[in-house]
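There is one chain below, alone, in structure tokens, taken in the form predicted on its own.
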Amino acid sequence: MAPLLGCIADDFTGGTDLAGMLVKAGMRTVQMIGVPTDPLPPGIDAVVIALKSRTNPVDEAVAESLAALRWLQKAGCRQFYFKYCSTFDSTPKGNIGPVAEALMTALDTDFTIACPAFPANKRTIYKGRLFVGDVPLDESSMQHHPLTPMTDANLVRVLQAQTKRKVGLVDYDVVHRGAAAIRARFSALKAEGIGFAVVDALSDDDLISIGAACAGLPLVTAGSGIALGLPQNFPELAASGSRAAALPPTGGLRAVVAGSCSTASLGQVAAMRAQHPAFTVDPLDLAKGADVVGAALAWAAPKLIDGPVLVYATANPAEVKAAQAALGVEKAGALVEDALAAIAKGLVALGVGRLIVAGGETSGAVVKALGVKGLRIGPEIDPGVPWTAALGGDRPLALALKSGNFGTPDFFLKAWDRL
């Protein structure tokens, strides 16, 4: 049977986040790293193609997303899903609006939604404004994001600046009345010439209602939260739901590689450092030509036997800005990503079989260095972060790819128990 749902994610951890939510909702799911070249494993209900397009130039992001869509169409998928971050982060030029618009054109549809809400991780939308916890997006730590700072919480306004199609709103007065009311509002907006509808959501129940209302849409654009509501639209899933999270057994040594500088990751690194050995990667040392990769692996080799180790470049906003000022934003990011990817590859060669990676850009670099072609999605560690089994690569490997903003402070400490 062909996959039912075909998904395109704009970064690696975002793809894993979405895939984990689909598994939680009962869909057997694989995440592919880039547009696949190999056939899918059998018995798959949903495919997530993870790109690295969130911060690419707009033209590149659109081209990559359209290539992914063509592959998913050939695979026989019935509905398509463009997944972006629950903080809707992008630059004023995109890439959310241009990619979504290009996918709509390719699918010959004139209407879709935009809903990054993820209440389990305290991302909610009310009257079109995105909240992170109790504060609007532009008052959260996302205002300091090094690549995609978000300075406006009004999603209608943010998306309208990125697209030629008109953007409207399905506000909470409609959403709380359920799927039928939401569908009626969709019809009214379409009649007004609206192409994108930002949809309010405050709870998982809202997401389930929104998902039901999206049953007839060729394309859904959202964060991962809506994944809770889409599987209900495919009745044939009933037989596979109980097996969706099964993974093959894994072993090996344990390590964490952290490149994210988010507030959540800062707390997780601090908690891990308090209990386990930790090695810091400094971009200024990398820029000077120091063999940081070799030093990190030599440091880790004798310590891995006694338990998990942490290698991190996570730093507070002031330290990040200082490095960017000295090296330039792109160079600082590239140096750290390349070094952490090389360290991760070396750790696996040392016998690490269970690896946690924090940060979307870091995760993308790591899976590429390891030759991972895809991920079979397994049990959830925290909302939006599952364990996965690598497809491809030289040896069995369990991977947890964590978006920087996700997870409790003890994430790195408790994740192993879920295996």
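When you see a residue number, it is the position in the sequence shown, counting from 1. Rigid core (definition): largest C-alpha set, two forms, superposition within 1.5 Å. Bear in mind the structure is a predicted one, so any value in this text is a computation, not a measurement.
Omitted here: the form predicted together with a small molecule. The next part is about that form.
Although the small molecule is omitted here, in the model of the complex all of S260, A313 and S403 have a heavy atom within 4.5 Å of it.
Of the candidate stretches 60-68, 369-377, 353-361, 25-33, only 353-361 contains residues with a heavy atom within 4.5 Å of the small molecule in the model of the complex.
Contact check for P283: a heavy atom falls within 4.5 Å of the small molecule in the model of the complex.
Proximity of E101 to the small molecule in the model of the complex falls outside the 4.5 Å heavy atom cutoff. Taking the partner from the other structure, the small molecule in the model of the complex has a heavy atom within 4.5 Å of a heavy atom of V320. The closest non-hydrogen atom of G346 lies beyond 4.5 Å of the small molecule in the model of the complex. Only one of G128, G97, P119, G333 comes within 4.5 Å of the small molecule in the model of the complex through a heavy atom, and that residue is G333.
Once both forms are fitted on their core, a CA shift of 2 Å or more is seen for L401 between the shown form and the other one. With the core held fixed between the shown form and the other one, S260 has its Cα displaced by at least 2 Å. The rigid-core alignment places the CA of A365 2 Å or more apart between the shown form and the other one.
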